[in-house]
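First, one chain by itself in structure tokens, the form predicted alone.
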């Protein structure tokens, strides 16, 4: 099983080896997609968790016990490519780099694996060809 998780760390928790425990104690494969973690500041981390369903559930329980808030991304962005004019407005707001302009022909590319499903592209698209 594989899920995408957004984690928010209180400032006093950023020094804890959370991903280490998720890997070692719960046998999860963690792929960090984006991180903003600094001392004395609230941290955030977006990662794929892969493993047995029971281990993922136990790992999420560990996060709760540690006081780390999390949100599961269980939606996906739908891009109506045939209606898109490739203006690139969505690329300006995409924090993950999932939406990019091809440098050779200036067409829009969308990598669903990188997508955080933050929905900013949906709001930015003038033609409304991005939806959830």
Partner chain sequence: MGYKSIEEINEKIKKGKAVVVTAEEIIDLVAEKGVSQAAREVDVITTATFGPMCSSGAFLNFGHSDPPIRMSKVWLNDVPAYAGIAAVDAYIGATELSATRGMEYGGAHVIEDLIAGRDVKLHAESYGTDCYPLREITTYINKDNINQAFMFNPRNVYQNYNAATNASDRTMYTYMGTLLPHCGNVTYTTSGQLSPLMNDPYYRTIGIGTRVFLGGAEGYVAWEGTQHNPDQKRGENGVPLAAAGTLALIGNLKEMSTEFVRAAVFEKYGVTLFIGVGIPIPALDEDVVEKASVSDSELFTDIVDKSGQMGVVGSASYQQLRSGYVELMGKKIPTAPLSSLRKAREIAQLLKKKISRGEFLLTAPVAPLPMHNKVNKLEVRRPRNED
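Positions refer to the first chain, counted from 1. Here the structure is a predicted model, which is why all the values come from computation and not from measurement.
We do not show the form predicted in complex with the partner chain, though everything after this point is about it.
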(request) Counting only non-hydrogen atoms, choose the one of 56-64, 77-85, 43-51, 30-38 that falls within 4.5 Å of the partner chain in the model of the complex. (result) 77-85
(message) Would you classify residue 107 as touching the partner chain in the model of the complex, given a 4.5 Å non-hydrogen atom cut-off?
(response) yes
(message) Using a 4.5 angstroms cut-off on non-hydrogen atoms, would residue 5 count as touching the partner chain in the model of the complex?
(response) no
(request) May I ask you to check whether residue 124 falls inside a 4.5 Å heavy atom distance of the partner chain in the model of the complex? (result) yes
(message) When the contact criterion is heavy atoms within 4.5 Å, does residue 72 count as touching the partner chain in the model of the complex?
(response) no
